[in-house]
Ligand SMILES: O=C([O-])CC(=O)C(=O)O
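Given next, in structure tokens, is a single chain: the form predicted alone.
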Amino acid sequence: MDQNIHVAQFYGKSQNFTQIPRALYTKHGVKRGLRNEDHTGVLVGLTRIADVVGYRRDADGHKVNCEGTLYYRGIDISDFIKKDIYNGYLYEEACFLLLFGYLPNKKELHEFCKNISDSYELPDDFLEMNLLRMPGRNLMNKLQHALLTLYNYDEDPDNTDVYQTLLKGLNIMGKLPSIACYAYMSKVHYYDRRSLIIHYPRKDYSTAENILSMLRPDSSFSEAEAHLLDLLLFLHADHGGGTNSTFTNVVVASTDTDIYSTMSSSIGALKGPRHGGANVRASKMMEQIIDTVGLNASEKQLRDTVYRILNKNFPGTDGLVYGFGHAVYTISDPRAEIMRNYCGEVAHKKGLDKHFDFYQRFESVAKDIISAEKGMDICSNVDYYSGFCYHMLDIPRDLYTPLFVVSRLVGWLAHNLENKLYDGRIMRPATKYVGDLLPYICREER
């Protein structure tokens, strides 16, 4: 007999006592998922860190869709990449801006990068004891474990002073790329019986350069590859205080717990396929589509494929076309727009023009069909092209979402600090009780 048979029976019976009718949400004015009826988010705070714009309000207060824009401290992210000469450290420049509120000059950026690189080295025995001897089957869970373990190496881990939180956060930022790469190496060594390759980070390398260097057997990479990964990290650095993982960070931090716990909780939120894990789902979906219809598929084949996915009639899919749609962006996701341009350049250099062309053609067809089916503007989002970018960089799929963590940690930190400084209250929303009031029945009388 199934040892859980009784639990299954209890659970089945419980539906008679626990159901909450959908109509009650409207009756009591409760915003499901903290979303308004027009799909906009409920305001839960104020920020000067980042702004995500996907719609505007007309004179009557109605929502009007518009081209998407992402601002870091009031600066359009597209302005960062208009310069013709790439000098590296794009991600680090964005980190400085997000944390301190202004663009650094050359000296300030150099000093900031040195602070980060001085934190590259892991504590003594950390690699051996916590990663090599304890490989994790899921890297996101392993990152959580590793961050919580770093608590034990901190002489004053529960100090939540704003400045101390900043210092601890920068220390984590410096170590996280190595932890992610080593966690991957230990996993494939243990579970896949592959050779164990460990490269130590170089202080003269940026975050992007170190990731590529640590992942590749010969540590080599081209400038174009480093530029693309730097751009990916830059585009994922922050996305406002309303994203699930950032909101989670602020909620947990508002209890005045340690930074290792708050960052670990954010990783848990980011792991889900409805948030950061969507990049893996999108990558797997596109791989399945290409394997099924081929790179030379006709427009009719592409259209049929989209409909099959929507109707849950395509292998490996669940009715969602991953990489499309967003909670805020409507007509376009600026990160996807930027990524598409750089994708094309690297794809050409790597002889993957046909793959890139397929992505573009599928994107056009999917946007048209999904928008028509839902009766609203639907755009491709950052997850659609990010997996293709990682693939071109020979980054294993296991690391797609962990690299999202590496990038987004600075955003979590910035919002954590801002909330400590200018709000400071424990986040304590309310829920409306809609159950019945019942008398207690003695056990013998039930």
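This one's a predicted model, so the numbers in the text were calculated from it and none came from an experiment. Heads up: residue numbers just count along the shown sequence, starting at 1.
Although it is not shown, the form predicted together with the ligand is what the next lines describe.
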Task: Segment assignment from 74 to 82, 350 to 358, 235 to 243, 171 to 179: heavy atom within 4.5 Å of the ligand in the predicted bound form - done: 235 to 243
- [ ] Establish, in the predicted bound form, whether 308, 362 and 367 all lie within 4.5 Å of the ligand, using non-hydrogen atoms for the distance.
- [x] no
Open item on the list: Quick check on residue 404: any heavy atom within 4.5 Å of the ligand in the predicted bound form?
Closed with: yes
- [ ] Answer for residue 415 alone: is it within 4.5 Å of the ligand in the predicted bound form, judged on heavy atom distances?
- [x] no
Task: Any non-hydrogen atom of residue 199 within 4.5 angstroms of the ligand in the predicted bound form - done: no
Task: Contact flag, residue 275 vs the ligand in the predicted bound form, heavy atom cut 4.5 Å - done: yes
- [ ] Would you kindly say which of 145, 326, 227, 284 lies with a heavy atom within 4.5 Å of the ligand in the predicted bound form?
- [x] 326
